[in-house]
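One chain comes next, on its own, written out as structure tokens in the form predicted on its own.
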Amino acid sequence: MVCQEDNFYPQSEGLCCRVERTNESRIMAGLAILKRIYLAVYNWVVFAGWLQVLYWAVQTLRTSGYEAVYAAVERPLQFAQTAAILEIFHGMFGLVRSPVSATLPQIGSRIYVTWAILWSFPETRTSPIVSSLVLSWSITELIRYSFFGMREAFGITPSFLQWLRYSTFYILYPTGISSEVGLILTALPYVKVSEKYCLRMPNRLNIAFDNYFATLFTLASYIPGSPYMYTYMIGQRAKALAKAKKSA
């Protein structure tokens, strides 16, 4: 509804405009509340998934050894990591301020390792690298999701949690990325021999796809991608901690 001036009924038109603005304000306030509720629920649900991953990983390392870690954490790992796809859409639709250019490569690489490597090639699951991967991912995500969950649910985040959110990546990002690369390298021989997901000519689609070369390409993408993400996070840390100092 568009408010227009009317020479005959100026007061009624003014009242109409005020009512319209009030209704719009209420709608926007309602949408903002729904957004916060959704993001709070999302963050705490995924937090619970990563908590299960960390718990079962530690328990299994203590009782059965690294060979059994993947079997113990497979379901919650797949759930928690796959749920992160929603964060790409959160950025696209403006629910969060995180740029898609930073979110997409990080989530994409993790989804790739979760499904295209660990799920697709069981030979990789008993590697000791799985333990370092799972521990790095789960600790990182428990901090991150609790940070955002607190902010969305209560409007505040404890200072220690903010420090952890913007500092632990100095160690956990290199260990996580190294584990991802290590598992892809471990899978390479099996990718080549099995020809899983390969599409050979001739076929009805008249398209060829070699999963081995696609895996090599993905591996090569870590060379520019990892430094980019690392420097991005360093920049985010500087901004966040500087802002926290000013508001303190």
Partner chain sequence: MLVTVTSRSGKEVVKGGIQLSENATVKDLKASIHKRTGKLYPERQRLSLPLVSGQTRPTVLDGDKRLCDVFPEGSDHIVILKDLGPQVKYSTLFFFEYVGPLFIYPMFYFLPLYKFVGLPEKRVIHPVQTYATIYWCFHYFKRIMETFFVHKFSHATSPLSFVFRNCCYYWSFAVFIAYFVNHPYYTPVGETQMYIGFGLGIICQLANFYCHIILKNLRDPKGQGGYQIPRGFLFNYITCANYTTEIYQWLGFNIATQTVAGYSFLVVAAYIMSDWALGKHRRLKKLYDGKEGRVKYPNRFVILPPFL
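Since this is a predicted model, take the numbers as computed values, not measurements. Residue numbers count along the first chain shown, from 1.
The following text describes the form predicted together with the partner chain, which does not appear among the structures shown.
| message | Considering non-hydrogen atoms and a 4.5 Å limit, does the partner chain approach Asn203 in the predicted complex? | response | Contact with the partner chain, yes.
| said: Against the partner chain in the predicted complex, would Ile207 count as a contact residue? Criterion: heavy atoms within 4.5 Å. | reply: Answer yes; at least one heavy atom of Ile207 falls within 4.5 Å of the partner chain in the predicted complex.
| request: Tell me the stretch among 43-51, 178-186, 214-222, 194-202 that has any heavy atom within 4.5 angstroms of the partner chain in the predicted complex. | output: Result for this chain: 194-202.
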